[in-house]
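Heads up, the chain below is alone and in the form predicted alone; it's given as structure tokens.
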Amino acid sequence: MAALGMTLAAAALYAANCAVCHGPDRLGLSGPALLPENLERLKRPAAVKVIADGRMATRMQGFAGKLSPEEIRAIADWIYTSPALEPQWRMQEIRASRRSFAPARPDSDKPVFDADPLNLFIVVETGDHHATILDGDRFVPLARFPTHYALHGGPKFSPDGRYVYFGSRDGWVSKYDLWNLRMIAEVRAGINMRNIAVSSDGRWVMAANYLPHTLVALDARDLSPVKVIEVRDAKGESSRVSAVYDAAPRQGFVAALKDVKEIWEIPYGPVFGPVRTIETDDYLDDFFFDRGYHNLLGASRGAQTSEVVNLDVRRRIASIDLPGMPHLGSGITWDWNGRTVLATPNLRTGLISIIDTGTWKVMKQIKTLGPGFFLRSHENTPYAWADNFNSPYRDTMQLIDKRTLEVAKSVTPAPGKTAAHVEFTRDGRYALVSVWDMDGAIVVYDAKTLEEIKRLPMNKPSGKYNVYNKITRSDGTSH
């Protein structure tokens, strides 16, 4: 009876403090699912510490000031307890979840507005879970609509830029028609999803799931499910999927796995597969691809060494010692003195690492005000814009001169409020910065003079994404 009472008390603590982010059934919402199979690599003492102190570079807050040590340990014990019923999300559940939306008016075969359809921005407002379609020439909103809770991984576009696809942490994939400014369809591809990718031929959307351990292929036309791929290695070890990417030159998807030391490459065309596996030395859950998608640089949380894997010969070809936690998913490239360099921010250390992608050697470590999350640039600007997201200087953006590899300038859009995630207009003339606050804004700068051009109030705009820069795979933005 005493054990039952402790269990009920732990469940009540979880419901009061954790369910809003991780779901009442622990299947995940804005936060990940908290089930034993999802926590295999997080030891229980580490879980206690995360609950007490929070987790850097995530929305996880610390509860040490609110809950007693005994209550925190009780929650940790609870999340390592298996639920009464094993959660399932199979083809049957995916197919049953799909919804199509009838148009309020007949769809047009050309945009219903006079703005440049390739210079639109999709602004994700996480404060109230909406997205705004922004005209990138006049900087005026064209539409605003609700999204699913906690969009994650950035929206993805069809090859022609007409459609945008969203993925949410709770597994929903949505398709929106930018020409007609309306939602087309949506489907729940998983219980806890990391991100989505759209194939370069426009046929497929692939969803990467933490729970269940699957990759789910959807027909890009109407989001009907086509294939569920269980993610297991040759020994039967199951794995969460950290992310999936479209490797356009290779005509395939590449998946990062969280719990097995493998990379998966899944060719696409009229049919999928077979899956090609590449063994790695470590768990690689953050990737950067070179321009030709021949090589990827991979890192894992907490590792000091990153691996360079050649996807053609399917093995590691180099290792790079990088301090802290490089955020390779926000890495960008540019041409410097006849060579291509990669620059990556760091989530733990105030450094921007500059790497020669020909030799895979670190050329320089540029000191910044503090650890950052995003790095962005454009082919037509001499600067790379870096935030200081995880530091006391989070309100300041630093501009790195891509010619001298030195910090040259800085801007502070809103003193005391976090500034992050820069995106450029298609011509690179203007830079848009997010003020991450419930009473936030998109601040438009002249990318050359740094003069503020316009300020648009937004509800915690976490990111904004330019159609042209994304579909042309600009060196200055993430892919």
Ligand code: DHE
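Numbers for residues come from their place in the sequence shown, where the first is 1. Everything quoted here is computed from the prediction, not taken from an experiment.
Note that the form predicted in complex with this ligand isn't included here; everything after this is about it.
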If the cut-off is 4.5 angstroms on heavy atoms, which of these, 350, 111, 87, 154, is the one near this ligand in the predicted complex?
154
Contacting member of 248, 243, 308, 341, with respect to this ligand in the predicted complex [4.5 Å, heavy atom]
243
Is residue 126 close enough to touch this ligand in the predicted complex, meaning at least one heavy atom pair within 4.5 Å?
yes
Given that this ligand is not shown alongside this chain, does residue 17 nevertheless sit within 4.5 Å of it in the predicted complex, heavy atom to heavy atom?
no
Looking at the partner-bound form in the predicted complex, is residue 213 within 4.5 Å of this ligand by any heavy atom?
no
Would residue 465 count as touching this ligand in the predicted complex under a 4.5 Å heavy atom rule?
yes
Please determine, with the chain shown alone, which of 146-154, 217-225, 76-84, 102-110 has non-hydrogen atoms within 4.5 Å of this ligand in the predicted complex.
146-154
Are there residues in 378-400 with a heavy atom within 4.5 Å of this ligand in the predicted complex, and which are they, in order?
389
